[in-house]
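One chain is shown next in structure tokens, namely the form predicted on its own.
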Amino acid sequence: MALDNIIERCQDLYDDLRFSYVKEWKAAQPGRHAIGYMPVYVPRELIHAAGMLPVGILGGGDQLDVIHGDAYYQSYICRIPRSTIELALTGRLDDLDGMLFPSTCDVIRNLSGMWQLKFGDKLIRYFDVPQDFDPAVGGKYYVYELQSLRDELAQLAGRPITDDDLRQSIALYNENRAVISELYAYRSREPWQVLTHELYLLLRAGMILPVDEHTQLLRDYMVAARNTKRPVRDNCRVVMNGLFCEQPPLGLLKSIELAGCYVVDDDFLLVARWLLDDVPLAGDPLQNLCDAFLTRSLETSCKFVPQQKDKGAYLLASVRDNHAEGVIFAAPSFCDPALLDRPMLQRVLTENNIPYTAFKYSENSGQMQPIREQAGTFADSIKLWSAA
């Protein structure tokens, strides 16, 4: 498949706020179910093992005018809950048979409550995760949460979800995460070959396509990218941080690139990268998912980090592993997890003489020129001072 055709398909999925693919997928086999989920992390393996389609609901972006949603939430919180409930109130999410709201922040918790009030006839669950990483405490709790979700999905499906069902799904998501890791490594080595806005569109496609179809799409892209020679520019290498929940407008990512920055690592769409290694297939699949979360999941602002761990060590490691020259902190306006963490992360960078810049955005940001100018100035300063 040609590179342009791959990106065009991903763009079509990105632009479709009517979720036509979900409707078509369900119509192809009567009795199918689709379960929506918000950023940042839910165990999609359980949804897939139930024979259902996991569908990432990431707000309305800059394509949706929020009219009804503004009546449900105050103006001093992030925009994603308002645009998400706007999607539901205008019928765009009618083909979803349930919604999962992960443990991200109070706003997402409140959104799950709003969903229960407005759409109580569907499967609705606030999916909590442990804050205590002791296997005997948080581990036991998390296995219970996984089993509870498994039971609710099985009831909706009208059949049990067997351990073998789960193992098959885990294997498919292991493969998907491995290919995404390969794509990220490829971009880090040759960022001129894997443009970040294209990588983002590829990941967004994975929020709606079946996992095996998405894995093949990623492989097709890497083959096409390697066969397409792109110019190498004198850009600086940066890590972007803070974009894990409310998603950046596509224009923002393009502006960063046009400003002279190669993004070599980021933290958007973490559900696809949350678990760092393959989840074992042998043994109890729920326990294996639990152990992976407790011991081999990434660090981010919306996940509890034990006090004895060095705050920001993961960001420093990302800078060094990807040979980045600086960090761009980009957080949605009013995003408490990102904005509360930022001073601690900035301190780590300052102590290690790593330059950074910071700005805020909302998913419907339309004016990108100031962001482009700020990113361009940042890139120029890195080149100037690194050459001095």
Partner chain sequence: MTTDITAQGGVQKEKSMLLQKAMISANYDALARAHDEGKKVSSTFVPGNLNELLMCFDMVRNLPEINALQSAMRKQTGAYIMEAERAGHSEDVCTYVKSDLGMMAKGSIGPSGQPLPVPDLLLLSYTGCFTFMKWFELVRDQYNCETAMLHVPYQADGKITDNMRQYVVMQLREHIIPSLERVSGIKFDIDRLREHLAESARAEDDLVWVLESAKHKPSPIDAYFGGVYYCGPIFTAFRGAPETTEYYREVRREVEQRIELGLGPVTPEGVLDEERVRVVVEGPPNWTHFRDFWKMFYDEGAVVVASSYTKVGGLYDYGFRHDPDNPLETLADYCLGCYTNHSLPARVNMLCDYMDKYSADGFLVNSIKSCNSFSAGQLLLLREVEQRTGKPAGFIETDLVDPRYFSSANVKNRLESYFQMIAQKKTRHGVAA
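What you see is a predicted model; the values in this text were computed from it and never measured. Residue numbers count along the first chain shown, from 1.
The following text describes the form predicted in complex with its partner chain, which does not appear among the structures shown.
- Every member of the trio 114, 137 and 340 reaches its partner chain in the predicted bound form with some non-hydrogen atom inside 4.5 Å.
- In the predicted bound form, its partner chain lies farther than 4.5 Å from every heavy atom of residue 83.
- Interface membership of residue 110, defined by any non-hydrogen atom within 4.5 Å of its partner chain in the predicted bound form, is confirmed.
- Using a 4.5 Å cutoff between non-hydrogen atoms, residue 329 does not count as a contact of its partner chain in the predicted bound form.
- By the criterion of a heavy atom within 4.5 Å, residue 273 is excluded from the residues contacting its partner chain in the predicted bound form.
- Only one listed stretch (101-109, 172-180, 209-217, 190-198) carries heavy atoms within 4.5 Å of its partner chain in the predicted bound form, and that stretch is 101-109.
- A single residue from the set 265, 145, 95, 291 has any heavy atom within 4.5 angstroms of its partner chain in the predicted bound form; that residue is 145.
- 71 is the sole member of 223, 298, 71, 185 with a non-hydrogen atom within 4.5 Å of its partner chain in the predicted bound form.
- Annotation for 274-304: interface residues with its partner chain in the predicted bound form are 301, 302, 303, 304 [heavy atom within 4.5 Å].
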